[in-house]
Structure formats: C-alpha cells, structure tokens
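Next up: just one chain, as structure tokens, the form predicted alone.
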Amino acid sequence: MAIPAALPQSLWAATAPAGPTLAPLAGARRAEVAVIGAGYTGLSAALHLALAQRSVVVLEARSLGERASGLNGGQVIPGLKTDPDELEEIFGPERGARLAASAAAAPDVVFELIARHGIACDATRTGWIQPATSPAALAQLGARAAQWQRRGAAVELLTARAVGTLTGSARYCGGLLDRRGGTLQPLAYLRGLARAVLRHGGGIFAHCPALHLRRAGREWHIDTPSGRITAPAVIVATNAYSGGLVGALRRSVITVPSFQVASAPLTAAQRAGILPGGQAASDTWHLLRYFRLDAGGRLVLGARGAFGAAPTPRSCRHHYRAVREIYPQLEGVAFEYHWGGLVAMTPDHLPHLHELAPGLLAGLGYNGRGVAMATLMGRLLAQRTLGMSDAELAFPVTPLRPIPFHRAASLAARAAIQYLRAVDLLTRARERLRGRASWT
C-alpha cells in the first residue's frame, strides 16, 4: 500500500469551495454579542443571533477552518455517547429526556441550516453505521437500539450480513444503523456558515486572536492585536483550542489528536462495493476507526493519532493498516492526503454549556461528535444569550469544573490511549491466529 510523502493540505482544503475573504479587526467596534472562535459552535451561534436581528461579531485567531471544524471527518452523528436511559438517570426523567431528544435532533439543525442557506457542502443524509467488532459490543448496540426505538427513532440493529452489505467489509459481526445521521464536506459547511453570517449582517474577523477579556460595568472588552470589541454579551467557542484567555475552560477538557488519511479516488468497481448507500461508519474498538467515502470517491479513514506535531506517514501507519484490515480488496491503493486536529474530551463524555460570569457563556467538549453537537451548541448559546431560561433550554447549564491536576490527567490520557491501542492490536492479532477472516 503506497504511503504518501508529507502533505500540508487536508483533503477538505483541497476540495472545498473558496471561503469568504476575511481580514483582522482594525480599530474599535461595538456589538450586542461578541463570539470568540469561528468554528461550528461560534458560527452557528452568530448565525442564530444574526437571524434574531442582533448585531454580532466573531473573532477567529487563525484562518477560517484551520482548526478542528475544518479538519474533522464530516460525520453528522445524532445523539451523545451516553445513551438516553442513562441521561434520564443522571439528569432526571424530564430533563434527561429533553436532553436526549435535543441531542438526537442535532443533525436536523445541521441539515436545516444547509437547506435554508443554500450551503454547497456535499451533504447526504442516508444514515450512520456503528459496526460491532465483537459479540459483546453487538449486545451493547442492541441495548442502545432498543432505547432509541422506544423513543420512536429510526434506529435498527443489523446482522453481520447486513453490515457487510452496507459497508462492503466482512470484518464486523453486526452493527447499528441510525438513519438520522449523514455526512458533509466539513470545511465547505463551515465556509457556508460564515457566508450566511456575513449575508445576515454579522461580522467575522480572521487572524484576530482575543488577547485580553475583561468586564467593566455591564460591558465586556476584548482586546485584539489591532482593535477592541465592546459588547454586553460574549460567547467563548474555542473548544479543544481554548488557550489562556479563560484558563479554567482549557483545564476542563482533555485534548487528544485525531488523524485522518484519504486514498486516491477509487475505481468505479471499488466504489460500488464500499459503503454503496453513502453512509459513514464508526466502529466499536476501544480506539474506534471512522470511515466514509467523499464526493470524489476517496476512502477517508480516521482514528486517534499520535501526540505531537502534525501527522506524518509514519504516525499514520495504524490508519493504513486499518484500511487493509477493513477493506483487504483495497490492497495497494495509494493515499493522497493525511491530516489531523484535536478533539476535546470531557470526564463525563458529555458536552458542557457554562455561564462563566454575567453575560459570558461557553460551550465545548463534543467528544468526537463535533459537527452535529457543535452546531446545536451554537444555537443553544444563542438562545441563552437571547434570554432563554434554564427551564426552557433543552440542555443543562452546568458549573465550570476544571479537571484536578490537569497536566497529570492529560499525561494519563496519553498513556490510556497507548494502552487501549495495544489492547486492540492484541485482540486483532489473536483473531488472525484463530483464523477468523469473516463474521458473515
């Protein structure tokens, strides 16, 4: 299997339509709401505020889409990693049910924005597959499917043969199909959101980091390298790239790398047998692998990456092996792109919405489900900014709790990732020794 030379550009950057031209802020400006961070969370919040006739400005430290929102896998996944029954146990029957329903409908928010604002981002909505890597995992998926079915969701448990037909891989022993999910070109979606914000009167400034944030009276002041924003309300939407502006926010999550590789365009014959229905998939290994085809017929596969600098051919070797394992029929396929970004993980595996101070809100921690949940979080933050009460908001507003001994916890997460990778590798090696070539 051909390994590419180091490439600085992601597949998404190579194939997305051009984004709007954005400049840094120059001078002083006042708005009703200032948003820090132009990812899905920040742009969704800004768009919903602009649609509500609020003056809003967005500050982005880098170029648009340079970080996580422009680098992820483009899977639009419904729900949370925590199943709905458990959410009701944690938050109570009423609040937990509302949270589960809100998270389940997050893809609706994404696809409605795409349709309403005419965003060209190769959006498809044919479902999301969770293939099971073991009978134990399949049993857990069966319990999950039953919980969603009781709530009327279009979720079903699949046999090994059905998963093989839908994915084109004989590697799995069954799985779950959630028809509420879908895929999109993540950078194109982000640029489309930005254009919609601008079209509805919002302002976006790129290469414009927020250096200082302070409150004076009823106003917040945000200093940038060449200007200042004054606003009574501020939304911090920096997720895995939260820096020192609100240090406690950065310490409330653990950031882990996720790398992706993309093949050369597959032949028509290869494409016909791999994910023929256009679904995306995320399997059930401890360190899951997620994969899909893009609009150009390239296989895109992602998984946890190595800690350190940007991905290299060597650091993506586990990804190339994963492609060979899942799709042995692609032996010898060339890879054209590899790239990566950071994912923000929370100790409870739930996204968090915080009210840090009067007029200062933050949302983060999507645990690998950033497209749908970050878009939903942006709308929630806008609703809260517009005055929606705790009782009305379909999401809990929780206190900010920095992780104790954060640096040690981050090191422990790194060790845990290496351990889980070793466990998965050992399990797969044992299966090969037993001669288990197929579940079908």
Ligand SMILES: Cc1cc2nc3c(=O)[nH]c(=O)nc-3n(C[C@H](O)[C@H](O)[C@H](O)COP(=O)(O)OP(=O)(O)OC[C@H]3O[C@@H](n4cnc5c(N)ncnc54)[C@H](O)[C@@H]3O)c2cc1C
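Throughout, we count residues from 1 along the sequence that is shown. In this text, all values refer to a predicted model and were calculated from it rather than measured experimentally.
This protein has a second form, the form predicted together with this ligand, left out of what is shown; the following refers to that one.
Residue contact with this ligand in the predicted bound form: residue 202 places no heavy atom within 4.5 Å of it. Among residues of the shown chain, residue 371 is one whose heavy atoms approach this ligand to within 4.5 Å in the predicted bound form. Contact annotation: residue 67 falls within 4.5 Å of this ligand in the predicted bound form, judged by heavy atom distances. Mapping the unseen interface onto this chain, residue 337 falls outside it, with no heavy atom inside 4.5 Å of this ligand in the predicted bound form. At a distance of at most 4.5 angstroms from this ligand in the predicted bound form, none of the three residues 102, 361 and 395 contributes a non-hydrogen atom. Checking 234, 110, 77, 193 for any heavy atom within 4.5 Å of this ligand in the predicted bound form turns up a single hit: 77.
Distance criterion of 4.5 Å from any heavy atom to this ligand in the predicted bound form singles out 258 from the list 263, 258, 279, 185. Contact with this ligand in the predicted bound form, judged as any non-hydrogen atom within 4.5 angstroms, is confined among 141 to 149, 234 to 242, 162 to 170, 328 to 336 to 234 to 242. Contacts with this ligand in the predicted bound form, taken as any heavy atom within 4.5 Å, map to no residue of 155 to 180.
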